[in-house]
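Just the one chain here, the form predicted on its own, laid out as C-alpha cells.
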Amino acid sequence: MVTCIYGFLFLPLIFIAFISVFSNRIISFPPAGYTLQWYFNILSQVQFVTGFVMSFQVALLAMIFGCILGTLAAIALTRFSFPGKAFLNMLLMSPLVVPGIVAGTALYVFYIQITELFGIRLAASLPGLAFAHITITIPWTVRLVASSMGGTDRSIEEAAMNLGANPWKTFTKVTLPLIRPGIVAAALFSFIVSFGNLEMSLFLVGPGKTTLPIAILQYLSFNLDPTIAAVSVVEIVIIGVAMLVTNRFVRISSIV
C-alpha cells in the first residue's frame, strides 16, 4: 500500500522525465524516438539562462539575509521572555498563511508607494524581489533553528558561563556549534523556497528580469515541445538534491 501511494505521488515527476526525452517536437504518444537534444536546447534559450541566473541570485540573497534574521529571531523567541513575544512569533509566521498572490500584490502596491514618496524604485528590481523572498524564507528559518535549539541542552551553555565565558563567547563557542545543523538546514531550505517561488515573483519581476519559474511559464504559453519538460527536470533535480542535503541535517518531516 505504501509503495502504491509513493508511486502515485512520484508518477507526475516520472512522466515529466519521460516526456523530456521524446524526439517529437509536438508532444504525442507513443513517441517516434528518444533523444537528449531538448536538454541541450535549454542553453540556446536566453530566457532560461537569464532566468536561472536571476533565480540563483535572488535565492542566494534570500538565503543569506533570511537565515541571519531568522536565526536571530529564533534565538530571541527561544531564549528570552519579553513583552509582545507571542505577537512577534505570529508576525514572523504570517507569511506561511498568506497566499503568495496576495503577498505579491501587497508588496507591489507597497513598492509603488515607496517610489512615489521617496523616488526609490524597488518594483521590477533585484533588491525588491530579494526583499520579497527574504520575507518568505524567515518563517522557515525560525522554525528550523528554533527546532534545533529546542533539542539542545541549556545546561551546557550554563556550564560554559560558570567557567568564565562571557555571553558572546558562549554563543560562538557553544550555542552556535550546537545549532549549526539547524542553521545549515535553514539556509538550504530557504534557497529551495526562494528558487522555486512563482506566485509572489509574478508581480515583482520586470522585462528581462524574470526568474526561472516565470520563464518556464512564459515559454509554455507559446511552445509545447519537450524543452519545457527538460527544464522542469533540471529544476526538480536541483531542488531534490537540496532537500536531500537539508534532510541530512534536520528531518524535514519534523518541521513541515
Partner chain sequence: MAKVQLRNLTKRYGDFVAVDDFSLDVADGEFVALLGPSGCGKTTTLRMIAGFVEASTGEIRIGERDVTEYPPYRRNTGMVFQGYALFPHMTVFENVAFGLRMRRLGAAETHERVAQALKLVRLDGHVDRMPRQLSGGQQQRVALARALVVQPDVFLLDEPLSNLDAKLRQEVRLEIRQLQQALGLTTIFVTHDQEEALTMADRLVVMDRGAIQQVGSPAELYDRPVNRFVADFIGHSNFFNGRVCGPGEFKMDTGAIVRFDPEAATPQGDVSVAVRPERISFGHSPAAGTINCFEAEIEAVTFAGPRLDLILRCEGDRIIAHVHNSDGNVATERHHVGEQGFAMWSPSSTRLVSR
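Numbering follows the first chain given and starts at 1. Just so you know, these numbers come straight off a predicted model, no measurement behind them.
Missing here is the form predicted in complex with its partner chain; even so, the following discussion is about that form.
Participant: How about Gly164: is it within 4.5 Å of its partner chain in the predicted complex, going by heavy atoms?
Facilitator: Yes, Gly164 sits close enough to its partner chain in the predicted complex that at least one of its heavy atoms falls within 4.5 Å.
Participant: Does Leu91 make contact with its partner chain in the predicted complex, using a 4.5 Å heavy atom cut-off?
Facilitator: Result no; Leu91 lies far from its partner chain in the predicted complex.
Participant: Whether Leu77 contacts its partner chain in the predicted complex should be assessed with a 4.5 Å heavy atom distance threshold; does it?
Facilitator: Taking the distances in the predicted complex, the answer for Leu77 is no, it never comes within 4.5 Å of its partner chain.
Participant: Would you classify Lys85 as touching its partner chain in the predicted complex, given a 4.5 Å non-hydrogen atom cut-off?
Facilitator: Looking in the predicted complex, residue contacts with its partner chain do not include Lys85, since no heavy atom lies within 4.5 Å.
Participant: Would you confirm whether the three residues Ser155, Ala160 and Lys169 all fall within 4.5 Å of its partner chain in the predicted complex, going by non-hydrogen atoms?
Facilitator: Answer is yes for this spot.
Participant: If we take heavy atoms and a 4.5 Å cut-off, which stretch out of 128-136, 77-85, 175-183, 143-151 is in contact with its partner chain in the predicted complex?
Facilitator: Single hit among the candidates: 175-183.
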